[in-house]
Ligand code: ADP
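The chain below stands alone, shown as structure tokens; this is the form predicted alone.
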Amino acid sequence: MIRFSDVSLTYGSSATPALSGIDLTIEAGESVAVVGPSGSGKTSLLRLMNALIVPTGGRVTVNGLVTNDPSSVWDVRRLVGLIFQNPDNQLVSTTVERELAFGMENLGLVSQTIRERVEETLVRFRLQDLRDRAPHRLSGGEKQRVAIAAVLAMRPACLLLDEPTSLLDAAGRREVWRMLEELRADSSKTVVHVTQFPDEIGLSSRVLVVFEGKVVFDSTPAELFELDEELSRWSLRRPATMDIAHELRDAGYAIPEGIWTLDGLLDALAPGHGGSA
């Protein structure tokens, strides 16, 4: 669905490219996490995917549409929706219900279709009780849930999320995690998720590590977490749950390998599953 062919990106007169030599393909239905240290090029990579910026070298295509072709930009953005780090940057309406309708109105959808999709979206994302609330008065997690729901109501084929939980408290992060888990289970949606949190990497089946403007790793979360020297060099770390699981194994508990989420660890410790060796 999204293809990078020898892509490079340089901002202004900078002597150092933000990205260089990017060759990768993201297929329809994939769930991909993008990680790397601050300033590595993660957000630039994401914004190239929906033509918010265009490459200075090489080519990005979305379903065959070339993103630096001005005549394709509108179609690319209909296919690829982007969620920003701060939901306040994209919430514009006076009520949640109006927010869900806003993007579809801009697409020129007929009123009946908009009404039907608004109702479906309110139910799907558990927003019925918030429909008449002003978005700016919601909690951080609720705002991000509304922002994601509003983009998905437009039915993009791909959803891009740029560190959607970085400004949220623990409760807000859990709200967004539930949505990401639901989206991962939806094979009709492609999801690309930039994150700084190790425990969010496991919400995706594929992970890209961006370091110094290059994609230096492209595989599964499990394979990434098996690395040692590379994680240190890339300024990444394993989820704390993995370290706890390792210590529990050393203490004699029968904890399976490959657990990196708190829910997985609790399941392994539950009666009938875990316990002393």
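Start at 1 with the first residue shown and count on from there. Quick caveat, the model's predicted, so the values are computed rather than measured.
Separately, the form predicted in complex with this ligand exists; it is not shown, and the next lines address it.
The closest non-hydrogen atom of Gly29 lies beyond 4.5 Å of this ligand in the predicted complex.
The closest non-hydrogen atom of Arg47 lies within 4.5 Å of this ligand in the predicted complex. Among residues of the shown chain, Thr43 is one whose heavy atoms approach this ligand to within 4.5 Å in the predicted complex. In the predicted complex, Ser232 stays away from this ligand, with no heavy atom inside 4.5 Å. Stretch-level contact analysis of 223-231, 66-74, 35-43, 244-252 against this ligand in the predicted complex, using heavy atoms and a 4.5 Å limit, identifies 35-43. Taking this ligand as it sits in the predicted complex, the stretch 2-28 comes within 4.5 angstroms of it through a non-hydrogen atom at Tyr11, Ala18.
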